[in-house]
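Quick heads-up: it's one chain on its own, the form predicted alone, in structure tokens.
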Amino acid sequence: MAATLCSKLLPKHGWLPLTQSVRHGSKAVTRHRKPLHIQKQKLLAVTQYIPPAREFPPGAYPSQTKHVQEDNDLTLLMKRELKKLFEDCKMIAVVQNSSSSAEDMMTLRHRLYKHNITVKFFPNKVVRSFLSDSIYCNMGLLFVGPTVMFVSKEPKVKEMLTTLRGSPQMTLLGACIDNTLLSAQGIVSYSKLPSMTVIQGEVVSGLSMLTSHTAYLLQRHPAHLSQLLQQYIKQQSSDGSAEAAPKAEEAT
């Protein structure tokens, strides 16, 4: 009987209780790395090993020195022509040539020549090299791909736009008109402006109107004053004659 009770009350091998107490929270850390002394830190910094720079074989990387290539005689000749072109011409337009045939180009050149507009062909590399050292450096972005230049000594914007409407393969990119860089939309807006002759006529008419109005204002007051003085003299003369008549009658 006692053996049976002991076997029931005592825990068996491998038996786990129904409830267990679990400890939550971090464990206490008692080992911290102590900071090095300042003298030891300086000593380690001074005695730290610095490996030497690795030497690369020659030719593995491009050289940092730039080799300036001198322009040949043909390039110098084209640059001189471009310089003279920018000095003499007031309108220089850049147009992109989208696979235009030789016959269409000849027809376009003939139509533009009627308005004293000349078509010029220059390599983009030469033009960009010339523009990079000039005041027109911002114009170098237009010379990409097959491009041509329309130049004239006077700004013939309306005639150029009218001629380009008949050539859909030619696209206007921009222009330099009177030392001002304009986009394609700016060129269209520029063409809508009145001509210089009309503006000069309007300015002259406005100035002459102001001059005549000023002369009228300057002459108005003296003329009015003279009229008042004449009227005063007439009144004085009429009053004097009226007073002299009764005196004469009394004397007789």
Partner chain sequence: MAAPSKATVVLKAVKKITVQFCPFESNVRSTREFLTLVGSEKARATNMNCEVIPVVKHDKSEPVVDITYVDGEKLLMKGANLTSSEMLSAFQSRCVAKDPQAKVGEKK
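Numbering follows the first chain given and starts at 1. Please read all numbers here as calculations on a predicted model, not as lab measurements.
The same protein has a further form, the form predicted together with the partner chain, not shown here; the description that follows concerns it.
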Counting only non-hydrogen atoms, choose the one of 107-115, 69-77, 85-93, 177-185 that falls within 4.5 Å of the partner chain in the predicted complex.
177-185
Answer for Met160 alone: is it within 4.5 Å of the partner chain in the predicted complex, judged on heavy atom distances?
no
The partner chain contact at Ser152 in the predicted complex, heavy atom, 4.5 Å
no
Looking at the partner-bound form in the predicted complex, is Val144 within 4.5 Å of the partner chain by any heavy atom?
yes
Exercise: Ser132 in contact with the partner chain in the predicted complex, heavy atom 4.5 Å:
no
Does anything in 87-117 come within 4.5 Å of the partner chain in the predicted complex by heavy atoms, and if so which residues, in order?
Gln96, Ser98, Ser99, Ser100, Ser101, Asp104
